[in-house]
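A lone chain, given as structure tokens: the form predicted alone.
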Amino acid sequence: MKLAVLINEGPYQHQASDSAYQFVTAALAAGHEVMRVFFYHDGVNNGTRLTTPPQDDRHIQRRWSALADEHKLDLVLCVAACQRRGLVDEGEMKRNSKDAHNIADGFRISGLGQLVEAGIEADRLVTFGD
């Protein structure tokens, strides 16, 4: 089965990202294809490389980055949600005259068209968070 996943909540204020990560991990282990994970609203905060949780806590961003690297997952952050929350990649950094970028490895910024495409092409679009 071809799956797409939508995550609407940030990494530490809600269970959505943890649940989505566990779902994607289990789906991949069961042989399903995960064509895209789209982060929207506060969910884009999962993609900042500046997250530094306490050492005894889980590092959600690092988990997503490692999973993307291992399985060649497409982790997409909504560009409008990123702009509202101060997340920029190198292209947005230059375009908006910022002095740094903060997108973690394995993530990329793109528009809502990526979510629409995932919803059309996937057999199921599974949503986590409000």
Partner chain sequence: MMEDEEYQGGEVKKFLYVNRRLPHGTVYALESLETVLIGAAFDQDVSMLFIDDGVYQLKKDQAPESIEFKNFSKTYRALEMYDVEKLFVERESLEERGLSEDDLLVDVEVIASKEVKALIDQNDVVLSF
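Numbering follows the first chain given and starts at 1. A quick note: this is a predicted structure, and the numbers were derived from the prediction, not measured.
The protein also exists as the form predicted together with its partner chain; that form is not presented, and the subsequent description refers to it.
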**Request:** Determine which one of 96-104, 68-76, 81-89, 54-62 lies within 4.5 Å of its partner chain in the predicted bound form, judging by heavy atom distances; exactly one does.
**Result:** 81-89
**Non-hydrogen atom contact R49 with its partner chain in the predicted bound form at 4.5 angstroms** = no
**Prompt:** in the predicted bound form, which residues of 31-50 put a heavy atom within 4.5 Å of its partner chain?
**Reply:** Y40, H41
